[in-house]
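Shown next as structure tokens: one chain only, the form predicted alone.
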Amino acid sequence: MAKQKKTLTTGFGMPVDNDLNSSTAGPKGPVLVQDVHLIEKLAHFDRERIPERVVHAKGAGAHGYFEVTNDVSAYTRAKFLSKVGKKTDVFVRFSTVGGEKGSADSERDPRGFAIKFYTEEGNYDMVGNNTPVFFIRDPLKFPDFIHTQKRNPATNLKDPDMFWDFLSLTPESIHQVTILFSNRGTPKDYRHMNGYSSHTYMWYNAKGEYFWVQLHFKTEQGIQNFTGEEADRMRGVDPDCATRDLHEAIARGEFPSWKLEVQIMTPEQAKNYRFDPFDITKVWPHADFPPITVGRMVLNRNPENYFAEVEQAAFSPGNFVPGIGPSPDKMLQGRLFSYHDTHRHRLGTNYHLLPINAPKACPMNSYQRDGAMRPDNNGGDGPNYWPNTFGGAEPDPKLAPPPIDVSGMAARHAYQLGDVDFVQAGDLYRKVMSPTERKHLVKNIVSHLKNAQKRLQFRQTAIFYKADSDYGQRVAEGLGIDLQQVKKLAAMSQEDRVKATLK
């Protein structure tokens, strides 16, 4: 007997019309705060785990500095980037993403790459990963995606069906999936991997001109990854291998370093670019936007206390300084809310006053008062409101970012699915990976996907086939499934493909 269909609702019973697309101003955003379903979903998601981080639970960190090596003042007014030779203290936290706090460092998983710059204009955080793209491009999908990376609610076991069901229903994930199941999905340690902003951000200069940018921290130690077999072995030999490696390298004076490069796109170039520049599932090809070197980051000091510095460190992509701001990237817009919100839940409303999170190179003057665990003088006898005539801190209009044009109908705009979502994954497979890397990629996919239901194997393999026919054929052969059926599914629309694999 078929189960009766149920209508999705909010926590208060209001029927939900769409659970895949946030309400935005026009198809490209930004996201509208009036989307109460999105806010409820993110706010509830932020509070699901106590007190462990919902994502990036296990990590390692270190102190160091960033030094400017190239003049970029034509693009940004940020003071910490204002002149060659200028140094800024940083704290960096590396992490696995989906695993619990006790999980192994060698798990197949993206790696978090978060940097806190203690600048003279406040703290600036770059909260990225070791991959330049992500699985999804709308924040409404994020809680669901992370649920599929966690444990089955009934068995409390990792579930390949959950994992591949979601990804095969989300074709935009193909680029990140291809990276994840390559050897880049199992970095040897934190020193031998790159870090990326992934999102597009705004830089603006003293003239009020603005640019869209993406940041890339390139390891100067060289890229080193485990093969799948090596990563599996290391889980048993030393599950803390990356944490240990970072601490011991710094302790013996081998200070890891990264070169910061940025790609820069003008607003005019963004209007008609062949890929949506604010889609986090896409990269900007270097041939179109050659990277520009900005500076160098060095980590030279281990934490004195893990809990006080690494565990209580809180990063947010919403921590900007004058000269740097957000873009209409939908995923970024959701993170601007969610990161601060989850820290307030995990660490308390005054988490920004913890020594590891507090500004170091400038004063903190706000009208936020009271709340649990207020360790300072709580603003003393000064006013706690603005405007006031009692000598309180004043806003500075000269620091406002330049305006950008935003227009469009307020609705849940779906991305127009098409072959563009498969182009970059196919190029990565054909043009970037070596024959050995392609062999490892297919082997890693097959070893995981074979544990999912056959219908999910067919649906996901069809997506690999759409990215590249050889890619899909080799996965199909590895799984022992009918290639002709894979081809037939690949030729269908996503909607028809899903229907065909439900039979």
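The model shown is predicted, which means the values in this text are computed figures rather than measured ones. Residue numbers here begin at 1 and follow the sequence given.
Only in words, not in the display: the form predicted together with a small molecule, which the text now covers.
S.K.: Taking Y196, V283 and D427 together, does each of them reach the small molecule in the model of the complex with some heavy atom inside 4.5 Å?
M.R.: All three within 4.5 Å in the model of the complex.
S.K.: Heavy atoms, 4.5 Å, the small molecule in the model of the complex: which of 292-300, 400-408, 429-437, 381-389 makes the cut? Say which one.
M.R.: Going by heavy atoms within 4.5 Å, the stretch is 429-437.
S.K.: Give a yes/no on whether K218 approaches the small molecule to within 4.5 Å in the model of the complex, heavy atoms considered.
M.R.: Although the small molecule is absent here, K218 would touch it in the model of the complex, with heavy atoms inside 4.5 Å.
S.K.: If you check in the model of the complex, is P132 within 4.5 Å of the small molecule, heavy atoms only?
M.R.: Flag for P132 set to yes.
S.K.: Applying a 4.5 Å heavy atom distance criterion, does N123 contact the small molecule in the model of the complex?
M.R.: Result no; N123 lies far from the small molecule in the model of the complex.
S.K.: Going by a heavy atom distance of 4.5 Å, is R137 a contact of the small molecule in the model of the complex?
M.R.: No, R137 sits far enough from the small molecule in the model of the complex that none of its heavy atoms falls within 4.5 Å.
S.K.: Which of R346, R184, H247, K188 has a heavy atom within 4.5 Å of the small molecule in the model of the complex?
M.R.: Of the listed residues, the single hit is R184.
S.K.: Please tell me which of K141, R93, K330, H175 lies within 4.5 Å of the small molecule in the model of the complex, judged by heavy atoms.
M.R.: Of the candidates K141, R93, K330, H175, H175 is the one lying within 4.5 Å of the small molecule in the model of the complex.
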